[in-house]
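Okay, here we've got a single chain as structure tokens, the form predicted alone, with questions on binding and movement later.
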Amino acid sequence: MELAFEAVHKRRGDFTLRASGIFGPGVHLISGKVGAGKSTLAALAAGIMAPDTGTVKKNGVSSFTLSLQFPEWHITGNTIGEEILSWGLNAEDVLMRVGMKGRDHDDPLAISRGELKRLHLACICMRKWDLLILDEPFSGLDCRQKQELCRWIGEFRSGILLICTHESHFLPPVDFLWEMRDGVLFALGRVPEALAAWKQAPPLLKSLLCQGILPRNITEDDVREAAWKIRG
């Protein structure tokens, strides 16, 4: 099972994306500044956008989906309950998970964006996918909800998961690190060894790396644990 970008070029106005690389099973973090090309890469990976040159191939992938930054773009149900059922899930299970028990008759477009984002992400994460692409999944969430999403992502056990984000503080455990720099995709490698090449690493992580300290992973707990080793 793999997602392969082969000499992909995509031009959008004055912006050009260039990407080559193979995404195998595991959790892949694709970091980058706003406007670096992460959303374009996600759209290409999902097949809703075609490259100008090169190819994007899904080998051995039979089920996949893309979660867009704005959750209202995904809504198809008139009620929260209908929306959950459209994902083939049990409404009560999902509502319990997101703390919205008894609200299955509410209008999904009448709740807050943060609630809608959590609902959408819960539906996504409670399904099994060969390929799951999350474009800015932390957008619209508060700190507690970001931590909760990190736990959900930590439960991912099979398939290929791409997380395209500029979030730098609340991050889940990942297997592979990639970086978008001015429209070019860079494969940094497997975590934790790849952290040394991460140009856009969070400030505390950069400080640790400069001191020769390599955290086990990029989660808040991993970075804090590494920092405590210095103090100890």
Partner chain sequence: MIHLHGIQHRILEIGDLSIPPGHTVVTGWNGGGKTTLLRLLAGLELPKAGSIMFEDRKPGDTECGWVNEFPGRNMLFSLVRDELSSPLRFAHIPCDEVARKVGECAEWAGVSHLLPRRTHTLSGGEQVLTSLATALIGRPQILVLDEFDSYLDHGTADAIDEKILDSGARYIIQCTQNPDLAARADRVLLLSHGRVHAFGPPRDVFSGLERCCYYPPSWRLGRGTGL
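Predicted, not measured: the structure shown is a model, and the values here were computed from it. Numbering follows the first chain given and starts at 1.
There is another form of the same protein, the form predicted together with its partner chain; it is not shown, and what comes next is about it.
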Pick the stretch from 55-63, 163-171, 22-30, 185-193 whose residues have a heavy atom within 4.5 Å of its partner chain in the model of the complex. 163-171
Contact flag, G35 vs its partner chain in the model of the complex, heavy atom cut 4.5 Å: yes
Applying a 4.5 Å heavy atom distance criterion, does A197 contact its partner chain in the model of the complex? no
My question is simply whether G159 lines the interface with its partner chain in the model of the complex - judged by any non-hydrogen atom within 4.5 Å. no
Partner contact for G81 in the model of the complex: its partner chain, 4.5 angstroms, heavy atom: no
So which residues in 197-226, when you check its partner chain in the model of the complex, have a heavy atom no farther than 4.5 Å from it? Q200, A201, P202, P203, L204, S207, L208, Q211, V223, R224
